[in-house]
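Next comes just one chain, in structure tokens: the form predicted alone.
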């Protein structure tokens, strides 16, 4: 009896220990698996306009001199601080010391200078190069001192340096960053299984506070059905920028919808240089033709997109409400087309990207355009094809697209941007924006800029994408209030 009793106690103790180890292993997770809708053509946000590149690498693998943090606030990053000269023509940055890239190369002012000069180069592929057109010269007078001299004042330069396209890269690894990014961040690149996932691992030599997670995998969700299957099987811990998922997941107790305050503006973009849309009356006809209320239903009943009347987020203090400038009115739209001499049955091509809003929204837009007399041909492209044909070659007529970069009203001041909108009045307003020396003046001028592009009906401004993250309930530390399209991992952890 004693022997049997002892064995039972030992067996019971062993089972308890095993159970404890199992429970500990469940709660001690330090990895994360995140679902993304789009796979970027490259992982280096300094050479591609695809927001998905920064989604993965910004603040994780690659860092800039400044950063927009989880509260939406501009903060120093590789720079410790900065100051502006009295004449507004020179920024001086004090840089962090003892920072190294993942391959061991040291970071200093000379490397920062070379990285920023790469943006300015005539052969630069940087999608945000225009943000830096006021830069006259960059100097590195000391290893921890960087000076940026300007041709004209630029109140938005520190913000521009916080964009994914302005992350600091080393000249020794810059050429390979598209497929194997090397940065200074808290995570290092491990692998890119094209078509499936990108894996990052904790950087043991990080200069800042070590992240909680040891590993992160970004998984590409190509179809809604595939996404929901992976959720059901527990193969993914969270989905980024959720805009369409069945109710059975939004009510699951182990997942929770989390707000995501990106500045994602959906627009029907117009090639202003291509007939008949080089006529203001025709562009205004489009603005009257789109039923925003019906279009907003493409996200399902659990999402309620906020309409916009210009290329600017309602959350910004300088926002001007222009939603009612072009009310939904098919009769007025057709009258404008008649006035411009556009015959019924005129064929137009609507080019759409491979997203849910492209697939479903494109059909709704086509229906609205055909209701005022156009004959619409839908052209669906892959993401890389869209970037090449529409964004780079400007070979399109209309496209339905989401602009996710924050504070990107400056794109309307670019003569070579894919809208083909070259307007001296807007450019004059934008120059005043850059010259603004106080917040009140800046906000007033941003209001003028919004009104200008709305009056010119450059594009049809639709609504803010109602983005949320669907995350496991035990994941904490998310950067929920950053306007940058990214998923910064440094504060993320599993709570229990």
Partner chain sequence: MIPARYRSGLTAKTVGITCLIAVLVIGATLWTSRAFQRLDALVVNMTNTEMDNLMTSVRLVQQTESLISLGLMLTAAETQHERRAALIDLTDRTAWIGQLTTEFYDSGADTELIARIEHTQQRLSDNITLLNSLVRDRIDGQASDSELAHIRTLATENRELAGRLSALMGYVAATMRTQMLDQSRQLSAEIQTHQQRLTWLTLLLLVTALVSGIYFEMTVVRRILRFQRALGEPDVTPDHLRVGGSDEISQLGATMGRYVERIQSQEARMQKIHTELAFLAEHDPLTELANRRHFHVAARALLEQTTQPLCVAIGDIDHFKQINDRYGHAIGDQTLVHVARRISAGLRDTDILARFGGEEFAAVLSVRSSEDGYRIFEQIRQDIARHPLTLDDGEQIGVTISFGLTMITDLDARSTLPASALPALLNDALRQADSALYRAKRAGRNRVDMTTAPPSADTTGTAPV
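Positions refer to the first chain, counted from 1. The model shown is predicted, which means the values in this text are computed figures rather than measured ones.
The same protein has a further form, the form predicted together with the partner chain, not shown here; the description that follows concerns it.
When the partner chain is considered in the predicted complex, residue 233 lines it closely, a heavy atom lying within 4.5 Å. Using a 4.5 angstroms limit between non-hydrogen atoms, residue 98 is distant from the partner chain in the predicted complex. Although the partner is absent here, residue 191 is not a contact residue: none of its heavy atoms lies within 4.5 angstroms of the partner chain in the predicted complex. In the predicted complex, the partner chain lies within 4.5 Å of some heavy atom of residue 378.
A single residue from the set 269, 242, 111, 352 has any heavy atom within 4.5 angstroms of the partner chain in the predicted complex; that residue is 352. Among the residues 297, 367, 152, 382, the one placing a heavy atom within 4.5 Å of the partner chain in the predicted complex is 367. Checking 124 to 132, 171 to 179, 192 to 200, 327 to 335 against the partner chain in the predicted complex, the stretch whose residues place heavy atoms within 4.5 Å of it is 192 to 200. Using a 4.5 Å cut-off on any heavy atom, the residues of 193 to 227 that reach the partner chain in the predicted complex are, in sequence order, 195, 196, 220, 222, 223, 224, 225, 226.
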